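Before any questions on binding or motion, here is one chain by itself as structure tokens, the form predicted on its own.
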Amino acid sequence: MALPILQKQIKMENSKEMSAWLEDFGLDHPLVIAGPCSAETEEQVLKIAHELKDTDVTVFRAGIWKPRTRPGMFEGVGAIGLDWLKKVKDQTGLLISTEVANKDHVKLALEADVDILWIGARSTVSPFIVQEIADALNGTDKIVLVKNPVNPDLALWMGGLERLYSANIKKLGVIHRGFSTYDKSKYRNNPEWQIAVEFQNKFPDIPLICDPSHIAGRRDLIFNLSQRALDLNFDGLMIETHWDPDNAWSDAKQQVTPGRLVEIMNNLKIRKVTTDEKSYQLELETLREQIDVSDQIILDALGKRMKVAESIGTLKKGNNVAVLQNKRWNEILQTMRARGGERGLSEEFITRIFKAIHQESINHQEKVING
């Protein structure tokens, strides 16, 4: 089924139905899914669960099967961990969730009555894997969440939802866990918030959950990322929690203790989506008009810059000079980073913006040279 047709159906026919599972929880706060990155021992799983049961956590998570980047790393305890999760549900009343990466995982998770299954980033990147999981889940009434693919590809993320939707799965949601990049960053996976925002714009009723643990890769960044997600109207958080995070068998640096998780939840601020206060609306409209003017100035400046780039392309063509001049590019980038810092702009932001501008300049020059 073509994407525009399916997208229209989700938004206009079944989006409310797809998000009803979250409303059924009747929460007066964002949904919180928490637990260890990996189930390690029965004692570890139950200890963490009991420390979370009287908090705002609704769902206990633990990885049973762990897809790892390289062989030889801890890849999960396997199906025995499902028995531990069942004990969590029986003893604490928490809902339970785990990641599934193939049809065999799905079968075992359904037999164990796991409440929420999620498809990981490494699986979402493969349409074949997602289709296999969708076929195995066909018609289930379980909640299924789709993490964004490791690469920043919104269409691929949406495609995962399409396949599940086509398999008659109605309780759907997505998890934003950031995107892999070769560029150096303080994050393990760059947030690329604009992709999540674009997803919200396309599917405003589908629950969107943030996984700050995988975005951060460091526990000291989790609070700020969680607050940012709530400021962007995310519906919930998935935070990795371990009673002894420094000695966790996987992703030790990004896990927090149950006590720290409670602190984070208590300190997070839930902001109103909007307000009818007239003075606020008038001031907001004025500021937005200023932004509109600034945006137009930026576009005009970029248009002029590309005209200059085309003139440079003409000059290079006449002198048989290569388009890419690395020395010149590195000088520009270094200068812009410094000037951006003087204006309160982060080095990461400046780098991303000017890489895009540089690539567009190259495209314009190549069009001149090859045209």
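Worth saying up front: this structure is predicted, and the values here are computed from it rather than measured. A residue's number is simply how far along the shown sequence it sits, counting from 1.
Not on display, but discussed next: the form predicted in complex with phosphoenolpyruvate.
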Select, from the options 306-314, 319-327, 340-348, 59-67, the stretch whose residues sit within 4.5 angstroms of phosphoenolpyruvate in the predicted bound form by heavy atom distance. 59-67
Site test, K47, V77 and H242 vs phosphoenolpyruvate in the predicted bound form, non-hydrogen atom cutoff 4.5 Å: no
Whether A121 contacts phosphoenolpyruvate in the predicted bound form should be assessed with a 4.5 Å heavy atom distance threshold; does it? yes
With heavy atoms only and a cut-off of 4.5 Å, decide whether V32 touches phosphoenolpyruvate in the predicted bound form. no
Should A39 be counted as a contact of phosphoenolpyruvate in the predicted bound form, where contact means heavy atoms within 4.5 Å? no
For the heavy atom contacts within 4.5 Å of phosphoenolpyruvate in the predicted bound form, list the residues of 127-160 involved, in sequence order. K147
